[in-house]
Ligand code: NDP
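Next comes just one chain, in structure tokens: the form predicted alone.
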Amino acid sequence: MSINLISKPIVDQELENLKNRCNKLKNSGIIPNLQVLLVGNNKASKIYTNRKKKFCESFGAKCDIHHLDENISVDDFINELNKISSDKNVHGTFVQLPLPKQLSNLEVEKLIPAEKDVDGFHPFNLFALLSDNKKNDYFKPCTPYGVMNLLKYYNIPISGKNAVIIGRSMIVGKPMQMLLTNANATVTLCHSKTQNLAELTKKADIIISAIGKPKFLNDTYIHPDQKNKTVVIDVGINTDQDGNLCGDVDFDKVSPLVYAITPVPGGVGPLTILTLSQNLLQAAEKII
């Protein structure tokens, strides 16, 4: 039977640490302050930003959501973002994606100062990740770093292992590749044009799926010889034909064949919010 890699014990353990760090900042006269820009009425985005706000407030930080009109102009959006990110009392800012069509071509990651980019996508932060900056003075992208913390918590070895990532987005796939490479894994980054994907996953010690296709990864992607050896990380958040929440992985079919697997919900998702919070406190602590 496989190990369920649930995030709750990680979040519970780290929450006390976040509270202590936040109290120390408050004793120095600093209230960690996160400002979120939400454009339009995307239901999933509303739910997700509210979860981030609730979690930040649970350890004592301040979090405000700026809900902007779906039809806001490019100039007005940039002005609003600049006003928020230039506020000296704001330590972290991010824009909740997706954005409406008129804003979709904006390079939002370049509009937020690197020192307030708690999402970890500013060119400065991405170069630090690419170059494996050992000073740890930058922000790592939240979801990929959450995955790394998950693997660490459950004592899953990375160095020398073969890892296959399915999905090449800037949000998960590409930074995930860098983090695993920096941890001395041999990484194959797969995508929609990859041929013979199953041949690659069947040789993998670690499989990370982030493609947004419900129950895409099934038992045919796991080699029988790898039974009870493979670790599967499901980053996808989808709904199945019945409207139920599910991941990229067909959990019921894959779980009996692998050593460990993340469920959806309860796996990677909460770690993204946790890492965002860790980045926020890191940003606030820089000014002490």
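Numbering starts at 1 and runs along the sequence shown. Small disclaimer: the values here were computed from a predicted structure and weren't measured.
There is another form of this protein, the form predicted together with the ligand, and it is not shown here; the text below is about that form.
*Asks:* Give a yes or no for Gly167: in the predicted bound form, does one of its heavy atoms lie within 4.5 Å of a heavy atom belonging to the ligand?
*Replies:* The answer is yes: Gly167 has a heavy atom within 4.5 Å of the ligand.
*Asks:* Spell out, yes or no, whether the shortest heavy atom distance between Thr143 and the ligand in the predicted bound form is within 4.5 Å.
*Replies:* Answer yes; at least one heavy atom of Thr143 falls within 4.5 Å of the ligand in the predicted bound form.
*Asks:* Report whether the minimum heavy atom distance between Pro32 and the ligand in the predicted bound form is within 4.5 Å.
*Replies:* Answer no; every heavy atom of Pro32 is more than 4.5 Å from the ligand in the predicted bound form.
*Asks:* Is there any non-hydrogen atom of His191 lying within 4.5 Å of the ligand in the predicted bound form?
*Replies:* Result yes; His191 sits at the interface with the ligand in the predicted bound form.
*Asks:* Check, residue by residue, if Ile211, Phe216 and Val268 all come within 4.5 Å of the ligand in the predicted bound form, counting heavy atoms only.
*Replies:* Every listed residue reaches the ligand in the predicted bound form, so yes.
*Asks:* Give me the residue from Leu103, Ala185, Ile171, Ile84 that has a heavy atom within 4.5 Å of the ligand in the predicted bound form.
*Replies:* None of the others qualify; the residue that does is Ile171.
*Asks:* Looking at Ile65, Leu68, Ile237, Ala260, which has any heavy atom no more than 4.5 Å from the ligand in the predicted bound form?
*Replies:* Selected residue: Ile237.
*Asks:* For the interface check, one of 71 to 79, 191 to 199, 154 to 162, 105 to 113 should have non-hydrogen atoms within 4.5 Å of the ligand in the predicted bound form; which one?
*Replies:* Result for this chain: 191 to 199.
*Asks:* Can you name the residues of 61 to 85 that have a heavy atom within 4.5 Å of the ligand in the predicted bound form?
*Replies:* Heavy-atom contacts to the ligand in the predicted bound form: nothing from 61 to 85.
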